[in-house]
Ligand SMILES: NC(=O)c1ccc[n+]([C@@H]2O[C@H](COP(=O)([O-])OP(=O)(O)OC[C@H]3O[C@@H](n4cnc5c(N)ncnc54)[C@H](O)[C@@H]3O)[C@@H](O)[C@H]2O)c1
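A lone chain, given as structure tokens: the form predicted alone.
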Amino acid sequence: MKKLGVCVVGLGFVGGQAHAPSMNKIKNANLVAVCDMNDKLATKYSTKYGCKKYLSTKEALKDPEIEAAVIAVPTPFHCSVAMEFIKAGKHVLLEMPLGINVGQTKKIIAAAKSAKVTLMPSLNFRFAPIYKRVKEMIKKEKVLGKGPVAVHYREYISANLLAAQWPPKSWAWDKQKSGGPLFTLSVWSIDLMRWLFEADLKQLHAVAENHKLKKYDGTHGYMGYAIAEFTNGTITSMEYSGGVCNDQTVVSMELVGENTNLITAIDTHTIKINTDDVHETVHKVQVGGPKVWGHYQMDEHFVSSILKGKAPEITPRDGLIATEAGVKIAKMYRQLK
């Protein structure tokens, strides 16, 4: 069986805990190497998965076994690293947002088209089991009748988790370098709605604030609210926070149907249905590891698409639209100081 030679570039939270273990297990993928400028991380994962390690992209690009790269470096470096691999003729699965602005994003997309390589944005929510089940309930089972008329999405991440992932003075808190945390984190929910409704954004408005958290010495809390209307008529409110206490991390989504039914998805494990006939029906989604948020499934789709010579379901345009929406939200977000 033909296998695709893959290198995971960037071994932080997502690269090390989601993409590397996924590519190591996918049957038609060959995890050739891992790459990170942090020797300790590179050694850890190369030893764990029995693959080569590189401490620079220049070294990795000399390896003829590498046919594709999963790029999970910090957002400010997405463009430069992606361009290196694209120009070298490598297929790229690029973490979101693709670039720190629309201009960078268009540059990456144009380069991939010119080089005739696959560029797939990492929009893993489309593959998350809980959201795939919600879509089945909407499209096949018609739980919401003709569909959702309104949706409320809520994403609260505790300040201590963000402080651990993005320490004080991290790139994530510098709006000029990264677009800021709201830009960085909002792109997945925007794309999730487009995919769920099979509709495009019609209008989007946002307000946001940030405040310095003294207890974390440089980390900021933030609150952001976005209101969107989609071309199918569904209206959506999206609420984001990175400034809540450590037991309040939650991702939830409430969908109200035109038939008065309600679907509520809570984190990755619970779906509730409320109707006039049955007060509440609870469905559990049993999944673990990198499959929880869809990273394994997404990586597998990337690999199989390339081997079959087909374009992935997630297109560069999807990444561009999500980035454009994230930029609009970020414009309402004051510069962190």
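What you see is a predicted model; the values in this text were computed from it and never measured. From 1 onward, residues are counted along the sequence shown.
There is another form of the same protein, the form predicted in complex with the ligand; it is not shown, and what comes next is about it.
Enquirer: Is the ligand in the model of the complex near all of G12, T75 and H78, within 4.5 Å of a heavy atom of each?
Expert: Yes: G12, T75 and H78 each sit within 4.5 Å of the ligand in the model of the complex.
Enquirer: Contact with the ligand in the model of the complex for F230, defined as at least one heavy atom pair within 4.5 Å: yes or no?
Expert: Although the ligand is absent here, F230 would stay clear of it in the model of the complex, with no heavy atoms inside 4.5 Å.
Enquirer: Does the ligand come within 4.5 Å of any heavy atom of K291 in the model of the complex?
Expert: Contact check for K291: no, nothing within 4.5 Å of the ligand in the model of the complex.
Enquirer: I'd like to know if T57 sits close to the ligand in the model of the complex, meaning any non-hydrogen atom pair within 4.5 angstroms.
Expert: Judged by the heavy-atom cut-off of 4.5 Å, T57 is in contact with the ligand in the model of the complex.
Enquirer: Indicate whether the ligand has at least one heavy atom within 4.5 Å of a heavy atom of H295 in the model of the complex.
Expert: Although the ligand is absent here, H295 would touch it in the model of the complex, with heavy atoms inside 4.5 Å.
Enquirer: Of these, 143-151, 244-252, 159-167, 130-138, which stretch puts a heavy atom within 4.5 angstroms of the ligand in the model of the complex?
Expert: Among the listed stretches, the partner-contacting one is 159-167.
Enquirer: Tell me, which of S186, T105, T219, S122 has a heavy atom within 4.5 angstroms of the ligand in the model of the complex?
Expert: After the contact test, the surviving option is S122.
Enquirer: May I ask you to choose, among I306, I66, L41, A29, the residue with a heavy atom within 4.5 Å of the ligand in the model of the complex?
Expert: Looking at the other structure, the residue within range turns out to be L41.
Enquirer: Check each residue of 86-121 against the ligand in the model of the complex and list those with a heavy atom within 4.5 Å, in sequence order.
Expert: If the 4.5 Å heavy-atom criterion is applied to the ligand in the model of the complex, 86-121 yields E95, M96, P97.
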